[in-house]
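There is one chain below, alone, in structure tokens, taken in the form predicted alone.
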């Protein structure tokens, strides 16, 4: 059976170019990049080159790039590292629809005794920009953390507008964005957005699992979450996984370069998927902004199929060779409905009926057609 992978927001297949880079570095190197002998220096050179490539793709300086074990660690380092050591007891402003990693970081802030406020969203998952700016400017806020793109329903949030509203204000809050799902799908303009910190994950763009990236603007102070080594400028102790980081740099570079062209193709696939879903399942409902809205990820379609449980449907589709999800992969084992859909005002049973389909570089039009055909057939089965 040839499987249809429509769950690229969970992970993307490893790009051949990234795999080739990983194997080449793995075969060529045997040194620790922190060692001063020849093998160590060779590994350090590969690590430095990977940092340069990532920085160039993101249009930032290589000294502003910190490698981590994944997006979750990058988010925690950005949020906790920036806020917890602050001299003043300032709090966190975030949203109710962040990824589970962002929610976890916010809970840690709360347990430390700092205040946390979570901005709500409307029925289409949109933030109220005026409210976000007003709250972000409050003196009690030390850090604002807002997703650039929601991983479940695909909303694009106004990170740049918030960044400009904070710019040049005395003693302003820092701005962090979880840009994991945005990278390679929409333009990520860190300098233009005026963000101080941004988190990324390599396996969302065709890189290997286990590599995260934190952008830290020059001049922003962070405290490490771990102690015991001077790697990554003292922010992330532990020997760097040089082959995986080198492969991640290749994948990220290609994803950014190909992103605009792929986005056009994905928007066409999303429109066609929605058209076919409506024809096959007339009662289907779209979650998030309208399918052609500018403020949605081009590769993500989240729908509700009334009367069906999303997780049961995921399992049934899997038996037919179609890979989708009922929400965030990080919460796939949970029996609780999506916190994102609940924040959007959906009832618990509605939220349990959700299905997320997301495209990647390898997605073809026939994949969409075949998936809808299989889904329509499953819906006709007696329950």
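Residue numbers count along the first chain shown, from 1. From a predicted model like this one, the values you see are computed outputs, not experimental measurements.
The form predicted together with a small molecule is left out here; the points below concern that form.
Judged by heavy atoms within 4.5 Å of the small molecule in the predicted complex, the contact stretch among the candidates 72 to 80, 215 to 223, 302 to 310, 271 to 279 is 72 to 80.
The closest non-hydrogen atom of residue 145 lies beyond 4.5 Å of the small molecule in the predicted complex. Shown alone here, residue 180 lies within 4.5 Å of the small molecule in the predicted complex, counting heavy atoms only.
Contact between residue 155 and the small molecule in the predicted complex is not found at the 4.5 Å heavy atom cutoff. Contact check for residue 236: every heavy atom lies farther than 4.5 Å from the small molecule in the predicted complex.
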